[in-house]
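Single chain ahead, by itself, as structure tokens, in the form predicted on its own.
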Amino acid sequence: MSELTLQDVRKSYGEAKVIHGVDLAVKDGEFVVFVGPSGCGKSTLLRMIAGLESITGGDVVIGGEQVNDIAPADRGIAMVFQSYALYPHKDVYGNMAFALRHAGEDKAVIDERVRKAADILGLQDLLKRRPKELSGGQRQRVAIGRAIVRDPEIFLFDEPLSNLDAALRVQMRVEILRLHQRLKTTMVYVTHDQVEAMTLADRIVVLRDGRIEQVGTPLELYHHPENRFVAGFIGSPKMNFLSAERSGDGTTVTTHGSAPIEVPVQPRDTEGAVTLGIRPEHVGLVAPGAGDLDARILVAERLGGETFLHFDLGDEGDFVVKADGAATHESGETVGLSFPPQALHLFDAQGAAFAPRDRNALIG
């Protein structure tokens, strides 16, 4: 069994606290992604699981066994790093076999595991090549193969694709996903790229300042963010935010001189300003005066299959609408923006989301 449990895990460097009591349970065979901005503690947390960083408090439990004081090599984990860290003087076979040879494994066992990993990763024809003769994607596959041959209970990935170009990142995402489907091994993956997180994860753990902000499936986080930070971090382009004033029972708001907008959330008592949120693909484009408010297009980004329209809404920052690739709107044009009620989110002054009246009602 390869469950992973973190129980009130904490990390401090002297007086500086970087991980603040993290609790998390990763199920056997689950693919969990840690995501968050730089400095949020995601790599530190992964290194604590691996045993490469000591923990200040709490417990790391793998397969039901507390491993706080167990050496990294004895934890049943294998780690793939951002840097390939391949031995330049060894060929692919030698790089993949190195850890097993160092552990004194039988030659026949080593050969079987290396060739099986090479078959999984499509490296059969590259076993005699040295790293300088490989592309970036091939080198990363070798690094993954080096982890596979150890037959670990848990794979740990620390931003393994960040050194690859955009096309190779997409290709390797697919290969890692297929690898997980084939091996069905527990995987914990760290990235700052929320698109990577959305496409790979069974569940995403969103971190900020050493704390968990929210845990859930990609679509749970996308459609039901628990706070403004998660809403703005998950999604590309990110969710649009507009300052708003409440009226009535607090679920009716106005923004930028709009008519009252009814937001289908559960009313609750709260003080201070509120923020209205809507994702770029949910905003409707209508004739001026026919929507909730009018705005002028600053820039039209035409990407072929879709067009991103950037609007001027004063101090609100960039407001983006995702339109069809065939949209004919131009920079400088004023259009009406329509906000479907079921696509709206509402956040209080502390950034906490109002609960929706119906969790199934949001536009999918």
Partner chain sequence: MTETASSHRARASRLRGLSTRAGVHMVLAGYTLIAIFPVFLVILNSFKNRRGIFTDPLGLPGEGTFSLEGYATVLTQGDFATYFSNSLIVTVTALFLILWLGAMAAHALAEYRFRFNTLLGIYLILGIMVPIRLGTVAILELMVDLNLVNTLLALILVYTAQGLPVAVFILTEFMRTLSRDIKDCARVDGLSEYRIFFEVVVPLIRPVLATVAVFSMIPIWNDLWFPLILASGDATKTVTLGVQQFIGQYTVNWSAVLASLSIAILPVLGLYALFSRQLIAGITSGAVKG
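Basically, rigid core = biggest C-alpha set you can superpose within 1.5 Å across the two forms. As the structure is a prediction and not an experimental result, all values here were calculated from the model. Numbering follows the first chain given and starts at 1.
One more form of this protein should be noted, the form predicted together with the partner chain, which is absent from this view; the next part is about it.
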Check all three, 172, 184 and 191, heavy atom within 4.5 Å of the partner chain in the model of the complex: no
In the model of the complex, segment of 288-296, 176-184, 72-80, 121-129 with a heavy atom within 4.5 Å of the partner chain: 72-80
4.5 Å heavy atom contact, residue 85 and the partner chain in the model of the complex: yes
Partner contact for residue 30 in the model of the complex: the partner chain, 4.5 angstroms, heavy atom: no
Residue 224 within 4.5 Å of the partner chain in the model of the complex, heavy atoms: no
Non-hydrogen atom contact residue 322 with the partner chain in the model of the complex at 4.5 angstroms: no
Proximity to the partner chain in the model of the complex, single hit among 228, 238, 203, 150 (heavy atom within 4.5 Å): 150
99, 212, 110, 164 - the one with a heavy atom within 4.5 Å of the partner chain in the model of the complex: 99
In the model of the complex: members of 34-68 within 4.5 Å of the partner chain, any heavy atom: 47, 52, 53
Core-superposed C-alpha of residue 133 shifting 2 Å or more between the shown form and the other one: yes
